[in-house]
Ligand SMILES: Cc1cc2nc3c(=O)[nH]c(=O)nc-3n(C[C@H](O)[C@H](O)[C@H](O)COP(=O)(O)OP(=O)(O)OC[C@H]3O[C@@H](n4cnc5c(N)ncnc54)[C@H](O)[C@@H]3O)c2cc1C
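Form predicted on its own, single chain, as structure tokens, below.
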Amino acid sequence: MKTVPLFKVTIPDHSYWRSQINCQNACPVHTDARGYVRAIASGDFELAYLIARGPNPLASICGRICGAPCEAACRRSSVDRPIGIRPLKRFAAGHSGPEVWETKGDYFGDWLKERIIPQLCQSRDELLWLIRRSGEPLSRPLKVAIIGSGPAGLACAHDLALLGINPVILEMEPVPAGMLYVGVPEYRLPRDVIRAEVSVIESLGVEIQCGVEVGKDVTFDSLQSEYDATVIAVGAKRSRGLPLPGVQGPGVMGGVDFLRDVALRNPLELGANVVVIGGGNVAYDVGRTVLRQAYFDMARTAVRQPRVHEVHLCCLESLMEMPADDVEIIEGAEEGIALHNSFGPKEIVRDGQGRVTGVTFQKVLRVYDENKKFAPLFDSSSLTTIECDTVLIAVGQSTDLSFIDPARHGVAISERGIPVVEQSTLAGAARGVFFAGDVAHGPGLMIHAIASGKKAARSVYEYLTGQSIEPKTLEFHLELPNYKRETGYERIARIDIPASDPKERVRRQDICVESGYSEPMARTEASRCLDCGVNTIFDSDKCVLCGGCAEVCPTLCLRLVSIENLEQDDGMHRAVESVSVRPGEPISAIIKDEERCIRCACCAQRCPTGAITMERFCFRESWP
């Protein structure tokens, strides 16, 4: 952390104060997580949803499955454990989001117009709606084709619609939402939540055409000629294979392909014993979905299949190295996943009729070299064979751009099959062609795909109109004379997200693992927030360096030092005060460790001269 002076100044250091709100600073779309968490703590649940929804058109979905970089950055983790930011977003959406309001009267009429649209006008990206209402009218309607209806495509279409441009999404699957629908299991993301979020976006004028595959049903040439611009947001939907003996043939399937068949209720042929190869979240999605097939109502598929007895998940990594989230590993174990670490697949074993009978693994000595590069090393003399009749491979995903002819379409694609994209604009080599989401950046979190789709929308708008719409940061600064916190908030332990019983949830695909916070639980968990937008401000004209603030600080984040020692400080503190009581005396300073401050206001209450005030800094992006 940098060391900066913090005196009463007219123009504060925006970047410094903004970086102190760790959750908002870490969010790719800059959602004010602190804002909606504190709104929940105060009991204003609709305001909490509106704050979460402002910059994020898929807030309800994010409340279920977001990777939550905001939570990983949460300063509360320096005290004990981070705030449950994602489940709190789910709570707010469950109270006031579209999945609730669509069953309570005219959601798309009254509530959308009276509550959502005004909020969009006031929040960071969605002030663009004003352009549609008060800006110069476009000379003719502009149409943009968006290939793919995943999070990047939906976010791009949402913002383009607010800009007065007509987006048309082309989706190859029979249902919208791309991998959100066919790649995320129903036990993690209910289908009614997806439908509600998509319906809101459609209500803004977005057209979604399902069952349309570019390169088969329509050509990319026709899109380039019929539309003013094209955004490619096809994601990474193709399963990566493994060059193993025996991998070709029945009984072996890509993990993503398996999830798609389950989501679309396609007939499946699973054996009684299944091996899943992979150690990430998708591998656990596959394995845990396999378990649920043992109880699946086969009357829906017209195919009789044996009950799944065992699911083995085998990966190169040790338990500590696994990329899967801890919660996936824990819940998978609760449900009966048999985990095998440091297992490297060597061969898929088949019998004389070509049927899979097992997978032979070799012991993994290491996964990464001394430079932390992927360079697995095996002990080929230490072999283990796990008997099975089905193998599902979930070791990564890739993008399918086979509908593009680089020479004819002018789209540059690297030797690795990755499009060449200008990252600042997401524009491809061909005029009017843009990329968004995983196809532009590689596989990442859903929230990164949403941010990419919104960025692509801004670039498309500038390309079509010549008008740049870069945001400016607005700061809201408020002194809090009566600031106080919930009693004992610093001692409240994190409330774990309630989950359904493992034995019951594996019996049905549509039983959500997380049952979510109740209202008392949500308010209690939200009260743990350190409210990092609140800061201690020191007035050098009033401070007498009595040291009372440092004495009462419960986390010892304040310290008095001489100027000489300040120069030798380790850089982890911020100089907040520098005062000489009488001319000629040595100058001393108060320094503060921002990471340890819990915003308790003990220092302000103890100060005998009123030199310390508690003040709130809020940041929002405005579109001039």
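From 1 onward, residues are counted along the sequence shown. Just so it is clear, the structure is predicted and the values come from calculations on it, not from any experiment.
If you look for the form predicted in complex with this ligand, you will not find it shown, but the lines that follow are about it.
K.L.:
Looking at Ile348, Leu170, Ala451, Cys314, which has any heavy atom no more than 4.5 Å from this ligand in the model of the complex?
P.N.:
Residue within 4.5 Å of the partner: Leu170.
K.L.:
Of Gly428, Gly84, Gly235, Gly332, which residue is found within 4.5 angstroms of this ligand in the model of the complex when only non-hydrogen atoms are counted?
P.N.:
Exactly one listed residue reaches within 4.5 Å, namely Gly235.
K.L.:
Each of Arg491, Met521 and Met614 having a non-hydrogen atom within 4.5 Å of this ligand in the model of the complex: is that the case here?
P.N.:
No: no residue has a heavy atom within 4.5 Å of the partner.
K.L.:
Any idea which of 395-403, 244-252, 359-367, 264-272 reaches within 4.5 Å of this ligand in the model of the complex, heavy atoms considered?
P.N.:
Careful reading of the contacts points to 395-403.
K.L.:
According to a 4.5 angstroms non-hydrogen atom cut-off, is Ile511 in contact with this ligand in the model of the complex?
P.N.:
Residue-level check for Ile511: no, no contact with this ligand.
K.L.:
Hey, in the model of the complex, is Gly278 touching this ligand, heavy atoms inside 4.5 Å?
P.N.:
Output for Gly278 is no: heavy atoms all beyond 4.5 Å of this ligand.
K.L.:
Should Lys143 be counted as a contact of this ligand in the model of the complex, where contact means heavy atoms within 4.5 Å?
P.N.:
No.
K.L.:
Please determine whether Gly444 contacts this ligand in the model of the complex, using a 4.5 Å cut-off between heavy atoms.
P.N.:
Judged by the heavy-atom cut-off of 4.5 Å, Gly444 is in contact with this ligand in the model of the complex.
K.L.:
With this ligand taken in the model of the complex, which residues across 181-195 come within 4.5 angstroms through any non-hydrogen atom?
P.N.:
Heavy-atom contacts within 4.5 Å come from Gly183, Val184, Arg188.
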